Each structure stands twice: as structure tokens, then as C-alpha cells.
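A lone chain, given as C-alpha cells: the form predicted on its own.
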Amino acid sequence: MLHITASSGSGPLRDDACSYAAALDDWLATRPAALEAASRPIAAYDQRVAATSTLMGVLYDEGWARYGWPEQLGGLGGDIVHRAVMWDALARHGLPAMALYEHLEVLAPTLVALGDPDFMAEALPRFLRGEQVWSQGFSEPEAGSDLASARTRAVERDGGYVITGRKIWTSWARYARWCLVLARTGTTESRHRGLSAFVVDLQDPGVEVRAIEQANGTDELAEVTFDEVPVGPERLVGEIGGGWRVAMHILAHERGTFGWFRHNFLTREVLDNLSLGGPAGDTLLGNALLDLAAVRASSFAGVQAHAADTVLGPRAAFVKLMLAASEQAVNDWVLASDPDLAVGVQDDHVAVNRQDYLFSRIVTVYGGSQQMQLDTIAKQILRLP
């Protein structure tokens, strides 16, 4: 078994993503026990999270998960292409989903770029190792798509800040230790210019997390309330009043490069269900594969742009739209291949398929609605009135 140590952070694996990809493929081909355990269908979501977390620990200890992150923060160098390679390889070797580690590609790039270096040097390795998970606290009961109207407030006190307010649809808070919270430090009238971003410890007094069970039976989302929760100055991400910049940095990944990571697992879903398909579903399967090919091309262009320190900007809206279309197309084909999905006796494989199908119905709203993406394209790219 190939074992990568910290000393091998220099050389071809760091400098050449192709060498890294070949070495990782060889290692995954040995079928590590943690990969086998995480690759089987697991209907109970907390068990799925546990299996994926164990796999993350092994990937970290073997060195694979440390590539693509700065050495000063516990990584082994390289860039986002290494991470793109890792998740692509994991999906090809049977892993069905990123689970809550999708936030490694949604939040972590922004935390690395704009967070306190000393804090991130401690926090990032624990995230990569699967020990401490992060959540994202943006939406509020009366400020969902309109982030600029957020009312959760951070007030300066004793050299730090005190946060009070409520967040809704907070991704992964049920399982997370940390939450990146968008809070108002300016006036309500200042809109996006009066927002700042803070890291909040969800285990601190004054924090209450209430899981929200979705229609598919999982508890990915939660409602989180903050009652005068203190945060130190090292928990500020970016600058005071710079929360909008933080949010836009995150959304460039959530709506752009994340398409690469997610589409790998939609392709895995197709492969895992080919035995169910029949000639009647060939058109739906063809549509799904074409959509996935479009996401693969456009999202990898985004990965390359970020590797070159280029801002993806409003172009991320195209990827988000195509990803939502491909997710629904894949799951439309799965349902057509197994019409008993909704009512049949469910083993874990069928149960996971049902969860995935029901989740696919919300992706045109989740993480920024389809209408918002079309509006972004119309105004910021096509320059329509």
C-alpha cells in the first residue's frame, strides 16, 4: 500500500496533479476498508455521516486529503485541481456522495483565503480529518434569497463581538462544530455594506440547534438561534463590513466549482443503477448523460479558473443551472427505471435512491433559486435592462 507522508508534500505529487491522480488510483484500487464501508448504501443518515467521517480520517492520515491546501495551514500544497482529482477518484471507486464534506469545497476555500491564519491552521486539519464539521448560516426566516436584508446582529463588546439572531435552512448544523454566520454590524439601511462574517462555535452557551427533517427523511438542514453568543476577534472572516465579499467568495464556489464535485457523484448514481434500466428509459438516460457532460466541461473550466486565481463571477450561474438540470434528469431516469421507488419495499439501496430523488426536486431552489441565476445571467452577463 502506498503511504504518503508529510515529507512527500514536495515533488511530483504536489507539482503534478496527474502524478497525484495515478498514485491515488493505485491506492484506492487496494479497496481500503474505510472506502468499502462508506461506499455501501446507508439509509440512516447519521450512520452515513459516520462512515464518511471515518473515510476522511484515513484519507488525511494517508496524505491524500491534505493535497490542494496550503502547507502553512496543515496541507501539503497543490491547488484545487488536486481536490477535484480526489473527489473524482473517490466517486469512480464507489463512494456515493460527499455527504456533509461538500462544505470543504463550499466554505473552506473562503476560510483559507479570508479567515484568521492562526485559527485556520488549527481548524482546517480537523475539518480535513473529519473530526470537526462546518455549517453555513446565511438564510433567515425573513431573509432567504435576499441576503442583504439579514437581521442577525453582531455587536462589539469586550474586544470581540456578541451575536444575536436566528438562521434557518442552515446546512449541516445538526452535525457541525462550527458555523460561518453572516451578521449585521451596520444599520439595516446599509444593506449588504453593513454585513460581516463570523465563525461561531455551535457548542457555546447561547446557541440552540434544531434539526429540520426534510421530505426525504434526512436532517441536512437546521434552524439555529444565537442569544448573545460571544466571538473573539480571531473569529472574524475578512473585515468588518466585508461580509458581502465573503458571501460572494463562497457563492462563487457553491454555484460554480462545486458543480465539478457534485456531478461526479451523480455519475456514480447512474452507474449504481444501470442494472435497473431498460430500453424504455434510454431517452431519459441519454438526456441525463448529456447534461452531466455539460456540467463536467463547464465546471472544470471553473476549477481551472480558480487554480489560476481568476474570479469566476456571474459565470457561476451557468454551472448552477446546468447542475440542477442534470440532478433532476438523473433522478427522473432512476424513477422511470424503478417505478416502485415511492411505494416499494425498501432496502438501503432503494431508500437512498428515494432520498436522492426527493432531494432532486428542490435543487432549482436550494442554494440560490433558478430564477435568481437567470436574473444574474440577464443583468450581469447579457446586460439586459
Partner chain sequence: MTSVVESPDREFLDAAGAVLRAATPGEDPLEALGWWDLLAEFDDTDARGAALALFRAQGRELADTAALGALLAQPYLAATGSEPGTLVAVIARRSARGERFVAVGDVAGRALLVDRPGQGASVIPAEKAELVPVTVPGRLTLHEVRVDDTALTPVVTEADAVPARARGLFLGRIAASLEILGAAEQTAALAVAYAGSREQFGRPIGTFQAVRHLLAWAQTDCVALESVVTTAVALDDAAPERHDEVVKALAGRNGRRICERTMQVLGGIGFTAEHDHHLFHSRVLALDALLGTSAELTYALGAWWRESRGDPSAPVRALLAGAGS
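Keep in mind the model is a prediction, meaning the values are calculated, not measured. Numbering follows the first chain given and starts at 1.
Note that the form predicted together with the partner chain isn't included here; everything after this is about it.
Tell me, please, which stretch of 349-357, 66-74, 314-322, 40-48 lies within 4.5 angstroms of the partner chain in the predicted bound form when heavy atoms are compared? Selected stretch: 314-322.
May I ask you to check whether L13 falls inside a 4.5 Å heavy atom distance of the partner chain in the predicted bound form? The answer is no: L13 has no heavy atom within 4.5 Å of the partner chain.
Answer yes if any heavy atom of F119 is within 4.5 Å of a heavy atom of the partner chain in the predicted bound form; otherwise answer no. Heavy-atom contact with the partner chain at 4.5 Å: absent for F119.
Can any non-hydrogen atom of W260 be found within 4.5 angstroms of the partner chain in the predicted bound form? Yes, contact at 4.5 Å.
Against the partner chain in the predicted bound form, would G286 count as a contact residue? Criterion: heavy atoms within 4.5 Å. G286: yes, in contact with the partner chain in the predicted bound form.
Within 4.5 Å of the partner chain in the predicted bound form: all of L128, Q203 and T225, by heavy atom? Checking in the predicted bound form: none of L128, Q203 and T225 is within 4.5 Å of the partner chain.
Note which of G278, P141, G217, P233 lies within 4.5 Å of the partner chain in the predicted bound form, where distance is taken over heavy atoms; exactly one does. For this set of options, the contacting one is G278.
Just one of R296, R177, R153, R191 has a heavy atom within 4.5 angstroms of the partner chain in the predicted bound form, so which one? The residue from R296, R177, R153, R191 that makes the contact is R296.
Who in 353-385 is close to the partner chain in the predicted bound form, meaning a heavy atom within 4.5 Å? If the 4.5 Å heavy-atom criterion is applied to the partner chain in the predicted bound form, 353-385 yields Q370, Q371, L374, D375, I377, A378, K379, L382, L384, P385.
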